[in-house]
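Before any questions on binding or motion, here is one chain by itself as structure tokens, the form predicted on its own.
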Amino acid sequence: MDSLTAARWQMTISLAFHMVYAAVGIGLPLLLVMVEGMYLRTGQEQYKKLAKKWSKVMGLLFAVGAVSGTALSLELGLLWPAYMEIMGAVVGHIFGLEGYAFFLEAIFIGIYLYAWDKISPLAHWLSGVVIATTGMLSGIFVLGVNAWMQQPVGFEMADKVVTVTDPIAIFKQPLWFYMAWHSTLACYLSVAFAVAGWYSYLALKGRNDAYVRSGLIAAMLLGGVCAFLQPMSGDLLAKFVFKTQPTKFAAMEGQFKTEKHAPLRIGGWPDEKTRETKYAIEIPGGLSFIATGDSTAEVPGLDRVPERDWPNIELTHLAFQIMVGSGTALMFVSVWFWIAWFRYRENVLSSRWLMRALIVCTPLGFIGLESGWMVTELGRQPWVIQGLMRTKDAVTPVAGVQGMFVAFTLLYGLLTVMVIALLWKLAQSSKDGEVAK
């Protein structure tokens, strides 16, 4: 394995690992605010029990996310010095803002965990609001850096000297807003369906009390809203990618040939040798319509781009299909749940097929989140900074990358085992939350 391959694999594993904890850090605090707010409003004890249980999970996963985030910062500096030289000069201050939000989040998590019954209920709830806000802002700032990698703006470069012309240029671009909206919703969606899956599991095991019902309904309220907003945010983002990154768009859709009345493909497998996407269900004119609003419009294909500038088309198309498929499934299950809720109310937990469906959906949000990230990053290749620096030119020339890859992979493996063990221990105490029906 050469240094470039080892460095890319290390970033893949590191980001895939860290993304789960980042999503929990964004999504779970909002659920905490919801259930504690319901406790303040109704005085019903199960909401407070839920908030206390979830705050323990939040504290645990925040600590692991802090470790993996620190490791990521180290990896970026060691593995990609040429990239960091430019990125740090132009948008490094955005990482500084992310760090500021992170520290605020950490401070208020401490208050939230240890100040139950020591400050007023309203002040405690407001500390949760700060956690939810700063967690969301951390993600939005990081997406500012990622958006800049897709659309580098705000600087000039002459004789390898970078001159910053506008330090907040990326925040003025629609891409940053579209990415921030889409990714934040994905984090809420992932966490909500993971929580809903757990309480559906408890319902299938015979728990039909207020504690389980309240946890499931809170999760499905957040998940249902996000499931219906997500296609809108995805549509806006896809249209912008079509305008600014047509190669990525063509890879996402398996569009090899430039053509008018381009079909929308559902599924299928791109074949680079024959330059066609096989086995797909095609909707004539669908892709032209989604991209432009006109079913007869021309869609540029990969034939407009030299092959040396193609991303990995198979993986980009597959990841895009998985992302769309998982999001669609979550939307349909949300509809099913809320129809059942309005028909059966508290007895919704008795619908065993619905509970089974929610259990199946438990990982789908995270699968969609990871797939979406793969589309974003794979679709930009071979560039680490779009049109400016190729990934192969950014990797460190120093030897020993392979050893670092092994060491960090072992670290993430160890952290995974520890988290599973600790979450399992927390789960075993779930009966503590049981209250009267």
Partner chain sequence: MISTELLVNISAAAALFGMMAYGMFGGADFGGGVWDLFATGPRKREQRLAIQKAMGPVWEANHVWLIFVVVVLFTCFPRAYSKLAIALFVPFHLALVGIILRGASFVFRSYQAQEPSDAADTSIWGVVFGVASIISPVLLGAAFGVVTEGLIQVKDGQVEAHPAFWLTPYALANGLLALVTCAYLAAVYLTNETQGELREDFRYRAILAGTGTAALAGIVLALAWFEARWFVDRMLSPRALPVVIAGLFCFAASAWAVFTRRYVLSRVFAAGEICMLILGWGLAQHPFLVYPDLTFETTAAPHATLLFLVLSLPVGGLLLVPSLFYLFRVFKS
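Numbering follows the first chain given and starts at 1. Bear in mind that the values here come from a model prediction, so they are computed numbers and not experimental data.
Just so it is clear, the following notes concern the form predicted together with the partner chain, a form of the same protein that is not shown.
Per-stretch contact check against the partner chain in the predicted complex, the hit in 84-92, 188-196, 352-360, 294-302 (non-hydrogen atom, 4.5 angstroms)
In the other structure, the partner sits against 84-92.
Only one of 175, 331, 324, 109 gets a heavy atom within 4.5 Å of the partner chain in the predicted complex. Which one?
Only one option qualifies, and that one is 109.
To verify the annotation, which of these, 256, 125, 102, 242, has a non-hydrogen atom within 4.5 Å of the partner chain in the predicted complex?
Selected option: 102.
Would you check, heavy atoms only and a 4.5 Å threshold, whether residue 274 touches the partner chain in the predicted complex?
Result no; residue 274 lies far from the partner chain in the predicted complex.
With the cut-off set at 4.5 Å between non-hydrogen atoms, does residue 167 touch the partner chain in the predicted complex?
Yes, residue 167 sits close enough to the partner chain in the predicted complex that at least one of its heavy atoms falls within 4.5 Å.
Answer for residue 388 alone: is it within 4.5 Å of the partner chain in the predicted complex, judged on heavy atom distances?
No, residue 388 stays farther than 4.5 Å from the partner chain in the predicted complex.
Should residue 37 be classed as touching the partner chain in the predicted complex when contacts are defined as heavy atoms within 4.5 Å?
Heavy-atom contact with the partner chain at 4.5 Å: absent for residue 37.
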